[in-house]
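Shown here is one chain on its own, the form predicted on its own, set out as structure tokens.
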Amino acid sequence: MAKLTEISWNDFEALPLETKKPYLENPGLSDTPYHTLFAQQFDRHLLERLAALSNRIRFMAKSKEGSLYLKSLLPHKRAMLYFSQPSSRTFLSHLNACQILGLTTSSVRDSATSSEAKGESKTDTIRTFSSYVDMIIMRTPEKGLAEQMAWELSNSDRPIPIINAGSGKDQHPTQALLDIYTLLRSFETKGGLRNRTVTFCGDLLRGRTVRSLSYLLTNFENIRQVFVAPPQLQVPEDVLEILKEKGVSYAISDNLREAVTVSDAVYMTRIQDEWDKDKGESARIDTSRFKFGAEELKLLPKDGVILHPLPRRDEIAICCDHDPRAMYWRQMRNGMWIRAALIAMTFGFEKQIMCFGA
């Protein structure tokens, strides 16, 4: 098995993402991630294993016996939540996922409160954290930082796994995992996640959740992807190139209502103006036709679902919240379960959980 210690950072960084996968697997655990950095690490088999493990954990957590067993698995491990970019859902779901499994946690949520404010390098900061914990879950506005830190730690005298909880405008793999998990659960009694049309709407250019989910969907049979956005915020070409390479059907559109009528799932996103190069840049784009409200709800098929990575602004009207097809609140809770499954799998406890009570 390829190891990160066998390749220089420059050579590793230059590899295509799918080629990097063998370098990030868990030694001795077949097809199991050690570092979780990008969506390309997950094929359909691994996604279905994670979904099954998530279902098992959420079932066990309903009983005192099951909950205590889960908490007994990892009380000897510690996790660091290093979130140098604002977050509430991603932070809290990872925190609670750790607590479900009994991990002790610590956190830094603002680099201004760490020695980075004194000029310490990111590498030294991460190496410092690794001295105290057994896993680092990190969210950063810097593209590629989680990947580079994973390489650094793997080549240190204390290698520990890193989970990417959002890196720049590039990847958000654990969000994509919870999105896939939500889709699998939404359609599990309705023919499964196959032969579906998934529409993405909003800021598709800068939405890392869109990039990661679009890739994960290529693992499932006959999933057509539709991208609805203003021209200035339309999905980037590198995402489309992946779909072309994999023979996935897709369409580019600026008509949300037309797309909704043929969609099994609509994935709404907010305008990510925190990435604006010039203040007010995004506000000058007309986004009035890219919002989901009462009229769009009427057009959505009866078995369709609405997803959103949250937080939202006004791109989904609150009148949609109580419709049974609105999955974004369930989607948020699903994040806790899939992240608990990922952490348990990373530490090698998949079998013990799946066999509990057998």
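Position 1 is the first residue in the sequence shown; the rest follow in order. This is a predicted model, so every value here is computed, not measured.
Keep in mind that the form predicted together with N-carbamoyl-L-aspartate is not shown, yet the notes after this line are about it.
Participant: Of these, Thr197, Thr287, Gln272, Thr140, which has a heavy atom no more than 4.5 Å from N-carbamoyl-L-aspartate in the predicted bound form?
Facilitator: If I apply the 4.5 Å criterion carefully, the residue I get is Gln272.
Participant: Exactly one residue in Thr182, Ser214, Ser263, Thr90 has a non-hydrogen atom within 4.5 Å of N-carbamoyl-L-aspartate in the predicted bound form; which is it?
Facilitator: Here the answer is residue option Thr90.
Participant: Would Arg208 sit within 4.5 Å of N-carbamoyl-L-aspartate in the predicted bound form, counting heavy atoms only?
Facilitator: Yes, Arg208 lies within 4.5 Å of N-carbamoyl-L-aspartate in the predicted bound form.
Participant: With a 4.5 Å heavy atom cut-off, would you call Gln225 a contact of N-carbamoyl-L-aspartate in the predicted bound form?
Facilitator: No, Gln225 sits far enough from N-carbamoyl-L-aspartate in the predicted bound form that none of its heavy atoms falls within 4.5 Å.
Participant: Within 4.5 Å, heavy atoms only: does His94 come near N-carbamoyl-L-aspartate in the predicted bound form?
Facilitator: Output for His94 is no: heavy atoms all beyond 4.5 Å of N-carbamoyl-L-aspartate.
Participant: Please run the contact check for Pro311 against N-carbamoyl-L-aspartate in the predicted bound form: heavy atoms, 4.5 angstroms, yes or no?
Facilitator: Answer yes; at least one heavy atom of Pro311 falls within 4.5 Å of N-carbamoyl-L-aspartate in the predicted bound form.
Participant: So which stretch, 170 to 178, 242 to 250, 71 to 79, 96 to 104, is the one near N-carbamoyl-L-aspartate in the predicted bound form (non-hydrogen atoms, 4.5 Å)?
Facilitator: The contacting stretch here is 170 to 178.
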